[in-house]
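Presented as C-alpha cells, the chain that follows is alone, the form predicted alone.
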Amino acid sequence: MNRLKAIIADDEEALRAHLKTRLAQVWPDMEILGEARNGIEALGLIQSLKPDLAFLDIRMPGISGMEVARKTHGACYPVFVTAYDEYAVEAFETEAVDYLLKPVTATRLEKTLKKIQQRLGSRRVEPNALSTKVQRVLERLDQTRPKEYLQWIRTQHRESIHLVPVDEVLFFNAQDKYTRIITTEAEFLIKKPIKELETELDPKKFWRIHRSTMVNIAAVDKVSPSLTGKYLVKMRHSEEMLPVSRNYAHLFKKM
C-alpha cells in the first residue's frame, strides 16, 4: 500500500516517544510528519501537513483530541490514544473507530494497524466515508467522560505570571470588576467572575456561600451563627469572617 503519513499528539513527551518507537517497529514504512504537545498544535499540524493519520490523545491541554477530530472533520483518519474505561473502549469497537489503550503495547498496536490496513487497502485515506462513525463515537464519549474541573488558575501581576493550584485556595471573593483569590501565603486578583469560576470548579470541593464568595470546604475552620441569625464562616489561616447568605444557609444546616 502507499506510504502513509501521520502525526502524533500527546501532552507527555515520553508517551509520544514511546508511541513513535512502537510505530517504527510495527509499521516502519509509516512516516511521522510531526508531533504535537497539545490540541492546538495538533490542529495546526493536521491543517498544514495534511497527514493521512492522526494519533490523538483524548485529554490534552488547549483542546481535547476529540475536539481536534471534530474541527478537522474529514481531513484525516483519527486514531485515539485513550486511558478511558472499558465502556468508552467498547464505544470505539462498536462503531469500528480505531483506538489505542494506554499503555500502548506492540501487540495492541499491530492489531490497530491491521485494522487500518484492511480499511484502507491499497488506497489512500478516504476520511469522508468514516466521518459519520467518528462523529457518533465522539458524541458517545462526551456522554461517558467525567467532567474535568479546573486544577490551576493563571494570575498575572505586572510582568510575572503565577499558576495557583486550586487546592491551595482558601476562598474567592468578588470585588468590583475583579475576583480576589486568597491562599495561605498570598492574595491574587483575576478578572474572571465568581459565576464563571463556579462552573469550572469541583462543586464537591468549592461551595458558593454568597453571591460574592466561594469557599474551599476543606479549608473551613468553623461556621458560627451571627447576632442576626445568619452564619459566618472562618477559614483556616485567615481572620476574615465570611457571611453566608440566606440562599446558601441550607448547605451548613446539613453538616
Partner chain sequence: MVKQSQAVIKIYFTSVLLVTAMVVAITAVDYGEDFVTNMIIGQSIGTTMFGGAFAVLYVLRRSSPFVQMAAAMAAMATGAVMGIFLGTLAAGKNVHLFFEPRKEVFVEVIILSIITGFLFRYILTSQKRISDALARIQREKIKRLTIEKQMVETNLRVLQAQIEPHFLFNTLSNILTLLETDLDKGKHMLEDLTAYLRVTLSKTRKETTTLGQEIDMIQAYLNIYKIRMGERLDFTIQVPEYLRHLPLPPMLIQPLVENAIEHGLEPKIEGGAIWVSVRNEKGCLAMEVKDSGLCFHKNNHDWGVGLTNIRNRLKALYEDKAALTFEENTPSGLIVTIEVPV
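Residue numbers count along the first chain shown, from 1. Just so you know, these numbers come straight off a predicted model, no measurement behind them.
Just so you know, the form predicted together with its partner chain exists too; it's not on screen, but the next bit is about it.
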item: Any non-hydrogen atom of residue 234 within 4.5 angstroms of its partner chain in the predicted complex; value: no
item: Close approach of residue 165 to its partner chain in the predicted complex, 4.5 Å, heavy atom; value: yes
item: 4.5 angstroms heavy atom contact with its partner chain in the predicted complex for residue 179; value: no
item: Distance check, residue 240 to its partner chain in the predicted complex, heavy atom within 4.5 Å; value: no
item: Per-stretch contact check against its partner chain in the predicted complex, the hit in 64 to 72, 209 to 217, 33 to 41, 226 to 234 (non-hydrogen atom, 4.5 angstroms); value: 33 to 41
item: Residues in 186 to 204 with any heavy atom within 4.5 Å of its partner chain in the predicted complex; value: 200
